[in-house]
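Before any questions on how it binds or moves, here is one chain, the form predicted alone, in structure tokens.
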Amino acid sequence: MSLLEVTDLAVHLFTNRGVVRAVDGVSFSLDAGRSLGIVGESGCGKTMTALSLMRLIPEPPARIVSGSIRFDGEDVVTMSSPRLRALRGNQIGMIYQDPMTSLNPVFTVGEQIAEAVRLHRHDTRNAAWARAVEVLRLVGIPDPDRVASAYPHQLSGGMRQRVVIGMALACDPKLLVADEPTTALDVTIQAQILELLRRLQGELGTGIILITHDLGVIADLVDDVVVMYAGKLVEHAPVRRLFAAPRHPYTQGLLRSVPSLETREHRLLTIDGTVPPAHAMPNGCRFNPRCALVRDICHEQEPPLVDAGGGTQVACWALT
């Protein structure tokens, strides 16, 4: 049985301008100890999908209107509030992209980690503090006893992000959801954070869902990739196959737009057009206004996600 199984998830935003289908019929699964990347342009529904996994979407205006999210056999969508509180930060940990908004500036980082430990594991104050120091050591922070007594503003960006990762891991979660965990960091710190996540996954067997727009991060860390566009899942493939043989025109465009040494003397390639407004999606395939392979049927019907061989699933009429 999969650790996480998302089936036909639909999240709508009910706004003054109409209904926005932020996540529309997304399905994927994750086994224990494996990692899944969710990639796409800003506004494609990545973060809304991640927040839905723990029912953290802002209600209202957002609401899960259909589908299921089964975590370790339980459906998160129908889960009671007390059970959700026991799940969040305990069996599912989350890393947010800006550590300064994840940490309370008036409490030391040790107190903040220890609070989560006391809440979920019911440890004594001394035992929870000892666990906080242990976690800081686990994520590679030097002199963890000193850092546990420090306030967030006294730490560098990379150190704060390690603290946030440590806080997410404090209760030994089965699943770690990382939403753009390296966006605000320079490349050297980014590499250290990715290596840390890779090491922790190997040591603890934690399943990881990585939300990002950075294909380099995806290539470096995950086993499988979900590509989203305008709320829809357009391609799902093992990471090596996705980079070696991308099938969907949108995935191909994303990979072509990544700067490389080979393209440094040439114009940077882009995907023509822009993402359609969230409240006014085109009929049929949502990528059809920007697609070079567009057909008449692309304007009329949404393409189904079909098996394309080699473990790849793709939603494109030109490939069926």
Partner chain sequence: MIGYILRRLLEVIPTVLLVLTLVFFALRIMPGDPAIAALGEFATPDAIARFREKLGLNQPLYMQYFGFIAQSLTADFGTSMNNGAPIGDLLGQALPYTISLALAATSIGIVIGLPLGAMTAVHRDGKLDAFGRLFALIGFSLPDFYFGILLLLVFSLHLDWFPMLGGGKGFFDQLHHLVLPAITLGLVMAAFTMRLTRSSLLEVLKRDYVRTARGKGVAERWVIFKHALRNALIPVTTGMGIYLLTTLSGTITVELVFSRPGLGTLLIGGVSARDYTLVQAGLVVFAFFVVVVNLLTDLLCAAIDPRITLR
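Nothing here was measured: the structure is a model prediction, and the numbers come from that model. Numbering follows the first chain given and starts at 1.
Beyond what is shown, the protein has a form predicted together with the partner chain; the following relates to that form.
- Only one listed stretch (131-139, 118-126, 69-77, 203-211) carries heavy atoms within 4.5 Å of the partner chain in the predicted complex, and that stretch is 118-126.
- For the options Ala278, Val65, Ala32, Leu51, the residue carrying a heavy atom within 4.5 angstroms of the partner chain in the predicted complex is Leu51.
- Gly89 is the sole member of Gly231, Pro144, Gly89, Pro249 with a non-hydrogen atom within 4.5 Å of the partner chain in the predicted complex.
- Although the partner is absent here, Arg85 lies within 4.5 Å of the partner chain in the predicted complex, judged by heavy atoms.
- Interface membership of Val177, defined by any non-hydrogen atom within 4.5 Å of the partner chain in the predicted complex, is ruled out.
- The partner chain in the predicted complex is not approached by Leu197, whose heavy atoms all lie more than 4.5 angstroms from it.
- The closest non-hydrogen atom of Met167 lies within 4.5 Å of the partner chain in the predicted complex.
- The partner is not shown here, but in the predicted complex the stretch 144-168 reaches within 4.5 angstroms of the partner chain through a heavy atom at Tyr151, His153, Met167.
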